[in-house]
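Next up: a single chain in structure tokens, the form predicted on its own.
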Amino acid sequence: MNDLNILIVGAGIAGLTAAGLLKKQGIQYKIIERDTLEKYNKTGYMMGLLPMGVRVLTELNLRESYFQKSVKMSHYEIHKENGDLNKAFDMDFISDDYGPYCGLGRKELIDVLLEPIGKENISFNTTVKQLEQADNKVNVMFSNDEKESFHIVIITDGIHSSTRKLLWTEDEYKYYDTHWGGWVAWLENQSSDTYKEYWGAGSFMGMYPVKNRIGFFIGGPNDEIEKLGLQAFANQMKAEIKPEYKILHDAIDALKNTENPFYWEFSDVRTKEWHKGNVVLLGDAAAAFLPTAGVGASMAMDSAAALVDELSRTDAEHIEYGLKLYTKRQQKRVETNQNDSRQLGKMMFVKSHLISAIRDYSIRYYSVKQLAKNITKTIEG
């Protein structure tokens, strides 16, 4: 049995995946979460999970539970801002060659990942106050002033990680801002197996099915949204949509009537060095993703699997070497996909009507293989 003792900071997708895999390897760990038990995992946005993420769930014996809470996606459609279909892509080539690409809520994925862990084994309302590396261990002071030593600390507390700031200076990680954002809401009691996006000039809409409901997003440039506010911006978008696309009108009305809808600013972050001594970044704390390509959760789970795989062969005297192998194995892979999501964002988020018209025309000549070539490369490793 591996004799490492590991602290995981953050009980999100990356943290829970790492915890489940460490448990399966028989490696001792402790997991802490800043939310209180009462607030933890009460809300969540819609997401897609690529087959590489499902493979990790298979390793954790969570495959069937996952499929019960998700919807297999069959098509991806790009529409014009008036609702007309511009191009439809069949997603069966992913499912046939690699495994299903499914849609689900973040809350539901967290519920699945919690099954082997149990909430009772998470220390809630707890953060890290201080990190000190000495004698091949990390001395940790928690927010309640208790102290404990670990062989390794895995930081997974998100894109704006407070724990990362304890060892990484601000010039060692950089945010990338699209200057776009928008609101998220739900259409309840709705079913679909098709992702639908509506690319406009200075606007964007998306419909993303999960089990028994559809996540709906409308957005645009942050400065325009701030100037107009939700009601005026939503009305402006609604005026462009043809009357026959009733579901879009209903979705916008549902969003306008949602109390305090979540506003999502589209930015990501990249950290130059993923580990310092015996402290390592994982998931969004290392490299966060724009939601444009739908690969963020899958990459976080893939990275967690790579990290635990390396740690399973690492002894207490050679931890930094094991972390170097993990970084060498995963960082370029993650950053390549991060670049792809940024490029896709540049195609989707445009203000100019002329550029939008050229984009809409050219996209008709893309094949599904061309559009998804980078996703295929990701799945194939």
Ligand SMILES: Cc1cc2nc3c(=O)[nH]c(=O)nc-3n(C[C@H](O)[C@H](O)[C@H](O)COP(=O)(O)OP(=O)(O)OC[C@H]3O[C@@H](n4cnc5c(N)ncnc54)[C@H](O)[C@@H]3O)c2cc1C
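Residue numbers run from 1 along the displayed sequence. Every value quoted in this text rests on a predicted model; they were computed, and no experiment measured them.
Just so you know, the form predicted in complex with the named molecule exists too; it's not on screen, but the next bit is about it.
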- Of 59 to 67, 311 to 319, 30 to 38, 349 to 357, the segment with heavy atoms within 4.5 Å of the named molecule in the predicted bound form is residues 30 to 38
- Task: Would you mind picking the one in Thr178, Thr127, Asn86, Ser192 that has a heavy atom within 4.5 Å of the named molecule in the predicted bound form?
- Result: Thr127
- Message: Under a 4.5 angstroms heavy atom criterion, identify the one residue in Leu323, Val54, Met47, Val334 near the named molecule in the predicted bound form.
- Response: Met47
- Complete contact of Gly15, Ser162 and Val295 with the named molecule in the predicted bound form (any heavy atom, 4.5 Å): yes
- Query: Just to confirm, Ala11 within 4.5 Å of the named molecule in the predicted bound form by heavy atoms?
  - Reply: yes
- Task: Give a yes or no for Arg106: in the predicted bound form, does one of its heavy atoms lie within 4.5 Å of a heavy atom belonging to the named molecule?
- Result: yes
- Query: Can any non-hydrogen atom of Ala300 be found within 4.5 angstroms of the named molecule in the predicted bound form?
  - Reply: yes
- Query: Does any heavy atom of Gly158 come within 4.5 Å of a heavy atom of the named molecule in the predicted bound form?
  - Reply: yes
- Pull the contact list for 241 to 275: residues with a heavy atom within 4.5 Å of the named molecule in the predicted bound form, in sequence order. Phe262, Trp264
